[in-house]
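Here we start with a single chain on its own, the form predicted alone, put down as C-alpha cells.
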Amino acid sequence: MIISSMNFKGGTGKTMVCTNLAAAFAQLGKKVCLVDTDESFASTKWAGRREEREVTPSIPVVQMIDAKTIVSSLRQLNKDNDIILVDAPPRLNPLVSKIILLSDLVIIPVPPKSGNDREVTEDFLQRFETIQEQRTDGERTPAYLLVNMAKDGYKLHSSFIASLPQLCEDYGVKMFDTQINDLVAFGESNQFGVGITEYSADKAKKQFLSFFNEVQKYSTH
C-alpha cells in the first residue's frame, strides 16, 4: 500500500505524518519503507538519527527526486513492502502528479494557523482535482485532510477547522476525525529518530494512535 503525505506549503507536518506512521506500522511487524521526495530530505535525516541510535525496528529510506523513474521505482517498492510512506515535495512538480496517481491514500496535513493556510490547501485541492482527471480507470485517489498543529482554545483555529468540511465537500475529499495538537513531544521524538508511539508522551501518543487507527481502518479496506 502506498500512502503519501503532501501539501503545497512547507511546515505543515508532511514529514511528521510519514515518519510517525512508518514507526507505528513497523511496530506492528509490517515491512515498511520511507520514500523521501522532498529535497530538504527531512525523512532521510530522521531515519539517519534512528540508525545512529540503533533504534529497532529498522526503517529503510529511499530518496527519489527523478520524475522519470519514480513510477517504476515506487511500483517495485510496493511489491517488496507492506507499506510505503511517501514524503512529497511542498510544491507542484511532475513528481507530485505521479505520486498522487500511484497512491492508495493521500494525507493532506493542514495547520489551522491563518487564512493563507486555507488558501494554500484549497489551491492544492484544485490541482489535486485536475490531476484526478488524468486517471483513465474512472477511479479517484482517496484523499483526507488532517488537522495538524491545532491549539485548543484559539478562536482562529476553531473558525478555520469549522470551514474545512465545506472545503471537503467542494472538492470530494474527506477529513480525519482525529485532530493533532501542536505538542512539543512531536519535535522531541523527531530529534531522537523515533515515532511518537515509541516515545513516552501520553497526550501526543494518544492523539497519534487515534489517527493511526483511522489510517489502519482505511488500509484494511
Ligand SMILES: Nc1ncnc2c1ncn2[C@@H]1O[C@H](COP(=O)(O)OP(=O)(O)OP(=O)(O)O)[C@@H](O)[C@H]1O
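Just count from 1 along the sequence shown to find any residue number. Computed from a prediction, not measured in an experiment: that's the story for all the values here.
There is another form of this protein, the form predicted in complex with the named molecule, and it is not shown here; the text below is about that form.
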Given 195-203, 21-29, 8-16, 209-217, the stretch touching the named molecule in the model of the complex at heavy atoms within 4.5 Å is 8-16
Work out which of L125, L74, L95, M149 lies within 4.5 Å of the named molecule in the model of the complex, going by heavy atoms. M149
Which residue, V173, I70, V61, L183, is the contact with the named molecule in the model of the complex, using a 4.5 Å heavy atom cutoff? L183
Exercise: P90 in contact with the named molecule in the model of the complex, heavy atom 4.5 Å: yes
I'd like to know whether G187 contacts the named molecule in the model of the complex, with contact meaning heavy atoms within 4.5 angstroms. yes
